[in-house]
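Only one chain is shown below, in structure tokens, and it's the form predicted alone.
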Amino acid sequence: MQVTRGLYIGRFQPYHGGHQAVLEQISREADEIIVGIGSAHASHTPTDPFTAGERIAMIYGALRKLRRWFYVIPLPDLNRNAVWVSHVKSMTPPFETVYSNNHLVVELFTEAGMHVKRPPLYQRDTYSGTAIRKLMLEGAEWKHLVPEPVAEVIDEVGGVNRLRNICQSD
């Protein structure tokens, strides 16, 4: 029996309920899922406050309940789009399908001859890393927008305080 493997790439800053919904959908189509952590080198900035290791912990905790084999692989940026697909393929197990709604990711993998699917966005106005980080900065409730293991990781690493500190001006 042939194993089908799909690739889903995101920054996951932080991983949230929208990501979870998309991965649950992918798990109904693929036997195994590769979760690529984009911009893995980035951390401690207003748009990328969490490290690759912290995002790995978030994702593993959130995906434990899926009954699929999954890989979580950090993918540092190259800033050379023409060779990025080869870079991703060198860092991951082989895969048949790429799942993404990111226009650049779709374009690059399509140009490389890969099968690309655009999963439906899940309540995009509600589930957005940008919106969740904004709620954190404002001291508003955000934990209901992320799986419980993600909130636990963010609390464990002092993520909200970190985000507030790095967003302060001099």
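Since the model is a prediction, treat every value here as computed from it, not as a measurement. Quick note: we count residues from 1 along the sequence shown, nothing fancier.
Form predicted together with nicotinamide-adenine-dinucleotide: not shown, discussed below.
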query: Region of this chain that lies against nicotinamide-adenine-dinucleotide in the predicted complex, out of 118-126, 27-35, 57-65, 134-142 [heavy atom, 4.5 Å]; finding: 118-126
query: Distance check, Val22 to nicotinamide-adenine-dinucleotide in the predicted complex, heavy atom within 4.5 Å; finding: yes
query: Partner proximity in the predicted complex: Asp77 to nicotinamide-adenine-dinucleotide, non-hydrogen atom cutoff 4.5 Å; finding: yes
query: Any non-hydrogen atom of Thr110 within 4.5 angstroms of nicotinamide-adenine-dinucleotide in the predicted complex; finding: no
query: Non-hydrogen atom contact Trp84 with nicotinamide-adenine-dinucleotide in the predicted complex at 4.5 angstroms; finding: yes
query: Residues in 81-109 close to nicotinamide-adenine-dinucleotide in the predicted complex, defined by a heavy atom within 4.5 Å, in order; finding: Asn81, Trp84, Ser100, Asn101, Asn102, Leu104, Val105, Leu108
